[in-house]
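One chain follows as structure tokens, the form predicted alone.
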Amino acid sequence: MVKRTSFEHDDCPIARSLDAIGDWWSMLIIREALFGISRFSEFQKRLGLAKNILTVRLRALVDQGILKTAPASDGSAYQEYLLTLKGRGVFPILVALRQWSEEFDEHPEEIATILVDKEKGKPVRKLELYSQDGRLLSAGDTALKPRAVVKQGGRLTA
């Protein structure tokens, strides 16, 4: 297998994120964990993923702090894979990917489910990006700006 380039220390937060969760199996494992799946055998059954690949992906997600292992809640000898706060933070990313697919897929009628608010049973609204003063933003309304860096001596520099 070809070793992929690591973006762990890249200065781009998108590249860093992709280093942690950028392959499709990892995203699908996180999706299943958000649905409450926690056991190796359940992930394997739901995803149809080879056991060796699942083992590697689960270990990487644990190493990244996205999942944690815990003794099985039923007291058996098995362990469970549970989402951490960092792992639950992937939820809006998955929603954004889902909504992008629903909007741009060539065959949206083949998508089997819709995402709904559990309490009301209504479809969730499309994710949107707003400025701090409440304006709806598009890509053209945003820019990248250097982050202020604290240097020794306490002075801020850009």
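Bear in mind that the values here come from a model prediction, so they are computed numbers and not experimental data. Residue numbers run from 1 along the displayed sequence.
Although not depicted, the form predicted together with another copy of the chain is the subject of the following passage.
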Handout entry: 4.5 Å heavy atom contact, residue 85 to another copy of the chain in the model of the complex
Key = yes
Handout entry: Contact label in the model of the complex: residue 122 to another copy of the chain, heavy atom within 4.5 Å
Key = yes
Problem - Contact test in the model of the complex: residue 115 vs another copy of the chain, heavy atoms, 4.5 Å - result: yes
Handout entry: Contact test in the model of the complex: residue 95 vs another copy of the chain, heavy atoms, 4.5 Å
Key = yes
